[in-house]
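Only one chain is shown below, in structure tokens, and it's the form predicted on its own.
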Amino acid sequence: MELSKFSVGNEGREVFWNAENFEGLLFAFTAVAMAIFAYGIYRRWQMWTAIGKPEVRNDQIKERIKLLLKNGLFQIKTFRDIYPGIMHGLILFGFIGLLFGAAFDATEFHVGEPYGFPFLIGKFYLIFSFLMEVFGLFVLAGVFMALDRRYITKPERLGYKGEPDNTPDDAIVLLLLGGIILTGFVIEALRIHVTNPPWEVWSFAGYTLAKAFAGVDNNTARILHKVMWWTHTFMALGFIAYIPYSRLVHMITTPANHFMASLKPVGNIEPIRDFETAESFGAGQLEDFTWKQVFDSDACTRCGRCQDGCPAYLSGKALSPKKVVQDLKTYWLERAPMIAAAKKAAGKAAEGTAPEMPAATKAMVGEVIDLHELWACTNCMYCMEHCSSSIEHVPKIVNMRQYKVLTEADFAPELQLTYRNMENNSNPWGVGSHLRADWAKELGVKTLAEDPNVEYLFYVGCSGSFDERGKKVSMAFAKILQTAGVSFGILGTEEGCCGDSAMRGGNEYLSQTLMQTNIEVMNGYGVKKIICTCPHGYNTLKKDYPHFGGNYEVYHHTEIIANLIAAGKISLKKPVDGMFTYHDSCFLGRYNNIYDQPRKILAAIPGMKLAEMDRKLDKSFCCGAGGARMWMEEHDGERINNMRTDQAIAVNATNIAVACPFCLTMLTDGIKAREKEEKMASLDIAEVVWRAMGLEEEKPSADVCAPTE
């Protein structure tokens, strides 16, 4: 369609056509709607600031503005899930376009025409009209997609345990949005029907709809137009007024949450720093969270993305990250107004009078959040990685665990034994610490006590030192390093548990003790670079040790092996048999974004056949061992490790390649549970690489007689 086709020099429209006398009333009703909106935001602000400890979330402004633009405006996180991303994008971008259109209309009416320079005329008006139609249809399409998704298709994540969690608010919001757009098109169609300007073909939706009124006389059409004009107006103003009192508040809270997203390392757990003075530890009530942790709950849109990949939820456990956040929000909505009122009353009293906080009506940990939910979390980080609102679930769960462990001394019996073993022998199994370096004796690996002048410390970790399967991984990796001529050493009996399981299981005091002991030893030897085969140790040494003066360059063994292959320092010449699939460890992938190196290593092995599981990369399915779950039994639902094993079986894998000792143990157990030991194996990448290097001596079969003298 050519722009000049209908140009006669006066393209445009009267902003208040058929509503010339309504301008004053419109402004009055708008003022009322804005007052209701402002009061709602004020009340919400009082609630946002009523509860929570101080926390800085307004630093590094440039980075925060980038996050706001990236995830708040351009919806990058939302678009990671295609269908709901498009659905939300249509509504958002259509809505923004219409708001700009309304602003242009208002400017034209109050500035352009009165001062003699109208701009919504000619070709610009034609383009403007066309775009407004497109934006309106965007919103309408998004609303219909949302209605279908929430009330017809009803995906599991929009409910809980098979039951939908829809509220009347959901329907009201969608019907309001749809009603505003539909009435807008009807108003436009009636105006076009009466005025019939040739250029309004550019308003193609209204122009087409106008044909439906072909038999309606102009007087009737004008009356209908006025009725629909006021209906549209009250819907739009009602929408504005409704925002602070409904789920629409996420229009404010979610962008704010993106702006205030944590800029600390992924999965950061802020350490407790006042063990000597604090009367309680962790979060036992809302007041024990920071204000940002409380604010999180008001940014939640109940989209269920967190629940969609939560291994605890999908395996039939009580936990749903969405439900945890929503339960905290419900509790906050109960508590915040009372606390805000108490603070306001104290403010009117004598200066210096502390407000008397209303007593909690229920225990947050144990009643609001069930203990089965609390302890089911594997800290896999799927919820935080895929949350389109930048909500931080995992730190809250760990904080509540800290309360149960450190304040109430109430936690699983398995963890009691694990913590006692860590305290006595600095490893979860309780094996004598004097045996920590026995795996290395035949390899001639030196300790730093014997030779501190090495480039790397190989931090072996508890599994690599004591677990029979883990020791094989340590040996394979040490042989790779020796073959490549890498300068490294170990701490031997001076090495202690990294503290990860203690920290994520809520025993922050024990974890800090273990960390500080290791740091004292490492700093004593002047350690600068560390290699770990365990992603849990890798993540902790890299991100948590700096809190206590342990500042090192930390590498995972897959990073080192990938670099050695790329530099030609090791040669992979022996083909490996079977179909491999690679399992992404949560603490290696989502926590540290290491996805490519393991796959590059496997791709470099001759004859490698690799099949990817459906749940891979940042959507990988947890093995079930993180968050101290390695040391706890699964009493509810299906075993998570068995589910992950099933996913490997589904791609006909005969070998599951892993890069984590926890995953190695869990998937080996899964293979046994599925009775696939004869056809399937779980191997660490270091073992696969050492095998592919072809340097291992072939052992004679059992039926070959040993040579005699």
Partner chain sequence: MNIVACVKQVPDTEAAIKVKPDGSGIDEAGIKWVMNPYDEFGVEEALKLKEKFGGDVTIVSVGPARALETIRTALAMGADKGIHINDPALEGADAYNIAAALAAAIKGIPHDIIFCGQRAIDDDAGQVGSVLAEFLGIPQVTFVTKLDVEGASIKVIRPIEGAQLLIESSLPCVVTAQKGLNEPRYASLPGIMKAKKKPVDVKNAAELGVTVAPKAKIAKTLPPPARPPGKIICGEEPAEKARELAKLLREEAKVI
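Positions refer to the first chain, counted from 1. Bear in mind the structure is a predicted one, so any value in this text is a computation, not a measurement.
Missing here is the form predicted in complex with its partner chain; even so, the following discussion is about that form.
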property	result
Partner proximity in the predicted complex: Arg420 to its partner chain, non-hydrogen atom cutoff 4.5 Å	yes
Close approach of Gln416 to its partner chain in the predicted complex, 4.5 Å, heavy atom	yes
In the predicted complex, Ile82 touching its partner chain (heavy atom, 4.5 Å)	no
Contact test in the predicted complex: Thr253 vs its partner chain, heavy atoms, 4.5 Å	no
Contacting member of Thr153, Asn424, Asn453, Asn196, with respect to its partner chain in the predicted complex [4.5 Å, heavy atom]	Asn424
Among the candidates Thr407, Thr78, Asn399, Ser297, the residue which, in the predicted complex, approaches its partner chain to within 4.5 Å (heavy atoms)	Thr407
Among 277-285, 390-398, 440-448, 92-100, the region lying within 4.5 Å of its partner chain in the predicted complex by heavy atom distance	277-285
Heavy atom within 4.5 Å of its partner chain in the predicted complex - qualifying residues of 487-515	Asn507, Tyr509, Leu510
